[in-house]
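Listed next as structure tokens: two forms of one protein chain, kept apart as structure 1 and structure 2.
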Structure 1
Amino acid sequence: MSVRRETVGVRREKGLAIGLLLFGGFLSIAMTAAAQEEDLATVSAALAPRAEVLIIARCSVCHSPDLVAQQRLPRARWEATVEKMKHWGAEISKDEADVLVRYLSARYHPGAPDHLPPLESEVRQAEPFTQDSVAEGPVTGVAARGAGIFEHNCQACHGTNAIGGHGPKLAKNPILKHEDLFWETVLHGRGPMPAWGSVLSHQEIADVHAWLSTR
């Protein structure tokens, strides 16, 4: 009888331990999902448009934005995916990688619905990522700086030395003589080109324009 009581007691203890482990696992999953939803709710107005531009400029060179949007991955998987892109040659800085991982894991997490509502309904109207004021006055571009800025941000679509690629040729493009149209296009986007006003400062845009004018 004594041995049988001990056996029953051991089984009860094992059952309780397994129950606690299962409860802990479910609690961990629930907390992770809640954290992702909370992160989504706190994605800043500047982060979302900047991340969308980075997806087009850095990721869509090899992958369509639709392919990215179809994924539903936890943060660790998004981190591994971004690192793999960097390993394969994507020019992504540490700051850009952080922005992408935070945004992608917040919007495209495993608990996200198959069909997400438009981004504009989830975040307020985008504010400029930079601190430059729209009314800051004329900016003088420096061509020597513009070359590097173009290479890092524009070359993937517009080709080496701006000779064209996925995007149109910019070297000797007539738009360079119409600065208002050039600035309007870069700041707010046009057609398939995304808006870059949340990524590049006015000085950086002026530097790119100055460099393109020498091509």
Structure 2
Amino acid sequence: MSVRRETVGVRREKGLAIGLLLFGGFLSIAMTAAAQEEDLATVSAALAPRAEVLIIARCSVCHSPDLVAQQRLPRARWEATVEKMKHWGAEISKDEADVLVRYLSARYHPGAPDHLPPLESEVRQAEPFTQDSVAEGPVTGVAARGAGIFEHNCQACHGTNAIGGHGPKLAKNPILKHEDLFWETVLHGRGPMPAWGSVLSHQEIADVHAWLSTR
């Protein structure tokens, strides 16, 4: 009898323990999911200033960023996509590719809503990092430095030695003599050309201008 009673008691305890375990399990799954959601938001907010600049500088050479923002993909697909774009000629270093994949899979993951809230204000604050140099007045460009900056940022559209490609020829282009128009175009973009104000510093733009003037 006593043995049997004990057995029942053990069973009850087991049942209770299993119940608690199950409940705890559900709770922890729910908590993990919420924490992951929060983690993703934290990751994307932290990476946004760098990643958004990369998207403008590297991806929007070929397509506007709206194509990126409408995707909702798991990390493996983002990795494959960034790899494909590198293979096709996007100038992305290993380190930049890593930032892009982490950012894109945190912000544009399959569970993300169709309409995402706008990016945190940090990005907008990060954008005009060239404002200080405006206050400092005009900068003097160094042609020798401009060659490399041009190659890395402008050559894809404007061609080797600025002889033109998909974008116009810049060597001996009259726009070089109209500095205000040149700066306006580079800083804010025009037509298919993206804005570079958040990517290149004023010093770098001046360097590119100086180099172009020697072509």
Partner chain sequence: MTLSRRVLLERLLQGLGVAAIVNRHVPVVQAAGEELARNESGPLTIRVTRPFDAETPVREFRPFLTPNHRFFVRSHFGPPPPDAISEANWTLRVGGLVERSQEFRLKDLRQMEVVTITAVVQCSGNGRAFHRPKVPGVQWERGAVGNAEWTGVRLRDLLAKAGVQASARHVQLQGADRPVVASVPLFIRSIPLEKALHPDTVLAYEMNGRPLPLLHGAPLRVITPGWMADSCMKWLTEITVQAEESKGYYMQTAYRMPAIPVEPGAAASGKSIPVEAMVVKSLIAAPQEGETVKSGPVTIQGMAWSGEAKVVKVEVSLDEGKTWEPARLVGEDRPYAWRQWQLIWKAKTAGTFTILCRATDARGEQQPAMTPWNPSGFLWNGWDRVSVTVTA
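For the two forms, the rigid core is made up of the largest set of C-alpha atoms that agree within 1.5 Å on superposition. Numbers given to residues start at 1 and step along the sequence of structure 1. Worth saying up front: this structure is predicted, and the values here are computed from it rather than measured.
Q: Where is the form predicted together with the partner chain shown, in structure 1 or in structure 2?
A: Note: form predicted together with the partner chain is structure 2; the other is not.
Q: After a core superposition, would you say residue 145 shifts its C-alpha by at least 2 Å between the two structures?
A: Residue 145: C-alpha displaced by less than 2 Å between the two structures.
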